[in-house]
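Structure 1 and structure 2 below are the same protein chain in two forms, each given by itself as structure tokens.
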Structure 1
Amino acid sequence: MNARRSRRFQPLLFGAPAMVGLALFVVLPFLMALVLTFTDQQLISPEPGVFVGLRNYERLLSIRALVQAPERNDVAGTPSFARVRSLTRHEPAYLGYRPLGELRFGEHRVTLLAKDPAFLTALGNTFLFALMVVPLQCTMALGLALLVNAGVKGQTIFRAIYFSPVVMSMVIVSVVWAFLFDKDLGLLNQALGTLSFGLVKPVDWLGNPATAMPAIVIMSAWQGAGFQMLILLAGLQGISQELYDAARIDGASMWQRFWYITLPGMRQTIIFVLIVTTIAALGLFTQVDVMTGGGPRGSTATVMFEAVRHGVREENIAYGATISVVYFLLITAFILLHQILLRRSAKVIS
């Protein structure tokens, strides 16, 4: 009986150090941040924070819609609208709101207003980044893993070369790529100009809202693909070689072997890689902070960048904590949904 009881408590005993560390460095800071969200605490202030209830959440998440009917121009007859600012200044219901974006429904214009449009813009930028970088990075990693697993000569050196960016500091990698993307002296623009014989003009990669985020996506995918490559390579090497030999004997092509053997055999590994890559992508901060500073015109600002800007640089730690708590809950819900959909799609494929 005593031996049976001791074996029952062994998992708890071995897991206790990890659980204590998790409680001290994750759970406790989250609870402290949650308490801060109900105050107006400043980062460096001799005065204690005052309880303000849900004011920080109301500022962060408030959205309104302003519907405007057109005003006809007497000369051209084209619809024109009154300035949004002139309407919000004199309407108490819109006090503190700023334009976020606008939509057209027929001749009516619907302007979305928010008390913190920068946060909502950053939220959209973050999910846009994840939507672009996750497929690109995972596809690159899978291609590299297949190449290394093919048994080409020098695969050890090849593996080390593609994994080396992962162990490098993200700040250093971001600085190097910022120079590569430089409009005047960047190697990328010089290569494009040389290959096109001067037909392609220099592109302001990090100074143009249309190219700044794709540039960060390319850099991030290059930097992180080596880590996913090693995980996928381990999954590839776990597939029995006898399955491939039997498929070759049956006359299966390379594509058929990949579709019917490799993908089903790596299903759980691919799901894990997608989830880990998505979580890392939603935490984007360093690349933006070093390469663009959130610009141009907020096109690369992310939620983590906004949290650090408010909480540290503007010393409004309560509002920065509010952004972090809301974003944590959004990421948790998104990852759970993401995992459910991936598992359902995997069952359909199998």
Structure 2
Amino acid sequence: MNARRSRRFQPLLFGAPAMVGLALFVVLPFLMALVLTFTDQQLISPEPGVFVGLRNYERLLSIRALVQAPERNDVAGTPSFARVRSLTRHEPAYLGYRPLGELRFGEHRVTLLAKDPAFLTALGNTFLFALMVVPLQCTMALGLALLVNAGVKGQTIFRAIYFSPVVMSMVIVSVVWAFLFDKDLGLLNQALGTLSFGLVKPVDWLGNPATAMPAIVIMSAWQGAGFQMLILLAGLQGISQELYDAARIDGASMWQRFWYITLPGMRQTIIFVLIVTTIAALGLFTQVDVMTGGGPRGSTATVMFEAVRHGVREENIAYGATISVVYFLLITAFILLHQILLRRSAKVIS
């Protein structure tokens, strides 16, 4: 038996368990997702799903505007409009559409109709969440990183404390914060009330469509900032101290040193942190599922929440998979954006 020849096959042997695992549990489901989106597969159904073309995508993304002129049958002149529901019931063009929201343009009323308004709302909520949490969390993280890096004694302990929420389960964090957000007994309202001497009325954080998402944003930023802090800290420490010394000799103030040395030196790290945070934000699910169940009135439902609701709770696998694919495309777009930004910044530097 020739040992050198047998060595040729060993790499495959070493890699085989991982290859099988990845093929079965990542590649296959991913391909399945792509195929399922063109079917009407249900979870528990005796027949296999049938090909339905782009119907799932159509249902997911169809949107149209209904413009109505006011019907003035009132003496006082307050405009009134034909009921949207009666239109969508009887007009063939609007069949299957439900209202998503409405706008006023002068006299006219514009009603946005969608086949799945819940999904589009969720998509909007997801972007809204990302738009709020990314700046908040990243600014917090940068501030923490600068503080920890300021070189006072005990920085290891402070770093550990700021980081500690990251190792906690999001479920636990959500449960604990649900209590903190409680309207009558929550610490948050108690503290606000005490600090403002009773001027601030108790807020029903999670029960009010206007505050539920901001509440989740605050909690998520608190939970996650430690992660970005560590990455930024590594970036900060990667900047040579000699650059600061040179700037000091050139007479740069602390603020100037931050602006002309720290920020440019951290460019790549900051881009990375922004993208990673955004991608994580777009996957928002656990907080919502535990704290609000998507409510109140759909104000905290997200893309992943909709995917699970349709795919698992309503057992419409095909539709759930379609939402997953749309989510994946979203993530991919951000990863591509990251690559483009990196190229650019590499060019700026060189």
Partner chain sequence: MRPSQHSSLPLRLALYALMVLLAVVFMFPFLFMLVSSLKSNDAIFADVSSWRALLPVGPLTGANYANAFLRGNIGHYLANSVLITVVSVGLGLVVNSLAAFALARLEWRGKQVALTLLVILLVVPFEAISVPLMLLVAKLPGIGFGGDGVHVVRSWLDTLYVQVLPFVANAFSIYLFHQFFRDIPKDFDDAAYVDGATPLQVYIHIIVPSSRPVFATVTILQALTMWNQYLWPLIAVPGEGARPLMVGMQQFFAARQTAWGEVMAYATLSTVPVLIAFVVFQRWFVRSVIGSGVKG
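Along the sequence of structure 1, residues get numbers from 1 upward. The structure presented is a predicted model; accordingly, all values stated were derived computationally and were not measured. Here the rigid core means the biggest group of C-alpha atoms that line up within 1.5 Å when the two forms are laid on top of each other.
- Matching the description of the form predicted alone is structure 1; structure 2 comes from elsewhere.
- Superposition on the rigid core between structure 1 and structure 2 places the CA atom of residue 85 less than 2 Å from its counterpart.
- Relative to the superposed core, residue 312 undergoes a Cα shift smaller than 2 Å between structure 1 and structure 2.
- Relative to the superposed core, residue 28 undergoes a Cα shift of 2 Å or more between structure 1 and structure 2.
- On rigid-core superposition between structure 1 and structure 2, the C-alpha of residue 17 is found to move 9.1 angstrom.
- Once the core is aligned between structure 1 and structure 2, the alpha carbon position of residue 334 differs by 4.2 Å; this is the C-alpha shift at that site.
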